[in-house]
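We begin with a single chain expressed as structure tokens, specifically the form predicted alone.
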């Protein structure tokens, strides 16, 4: 755990239908120094929390019956929640197959951590999304953090200007 971040100034919203899982994430954030952590156990509760509170970072499960964490991410990215469209979003989910990760990425998630996760991995992702925010892409088909992780040299005809 090399880098330090002051989590006391960041407002978090955890959305997880499993109370134990939500409590674990909340306890980790509080241990890391967070002072404002909202918890919602479903999609509708999360939307209400986003509309009535200042939230800087959203942590969500993908499995939020009867809706989906993907629906929640899309709502945030569309701006329909009234909050910051560019807020970092961390998905914490046991649905960690490649297809689920790609769906989350394409919905606009900032980071993904598979359950069960360790403290160090959780901390690294939180530091990464807060201390090193990614540039955002706003196009006709996608709004969210830049999905490219590596900057590879490319001089081909499709290179963006």
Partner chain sequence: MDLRLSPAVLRRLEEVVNESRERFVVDLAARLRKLRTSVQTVLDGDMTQEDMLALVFDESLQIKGMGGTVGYNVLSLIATTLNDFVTGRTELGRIQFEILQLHIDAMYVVIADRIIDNGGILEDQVLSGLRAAVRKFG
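From a predicted model like this one, the values you see are computed outputs, not experimental measurements. Numbering follows the first chain given and starts at 1.
There is another form of the same protein, the form predicted in complex with its partner chain; it is not shown, and what comes next is about it.
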ask   = Within 4.5 Å of its partner chain in the predicted bound form, heavy atoms considered, which of 55, 39, 107, 32?
value = 32
query = Is its partner chain close enough to 4, 27 and 132 in the predicted bound form that each of the three has a heavy atom within 4.5 Å of it?
reply = yes
ask   = residue 119 near its partner chain in the predicted bound form, any heavy atom under 4.5 Å?
value = yes
task = Indicate whether its partner chain has at least one heavy atom within 4.5 Å of a heavy atom of residue 115 in the predicted bound form.
result = yes
inquiry  = Considering non-hydrogen atoms and a 4.5 Å limit, does its partner chain approach residue 95 in the predicted bound form?
reply    = yes
request  = Please run the contact check for residue 124 against its partner chain in the predicted bound form: heavy atoms, 4.5 angstroms, yes or no?
outcome  = yes
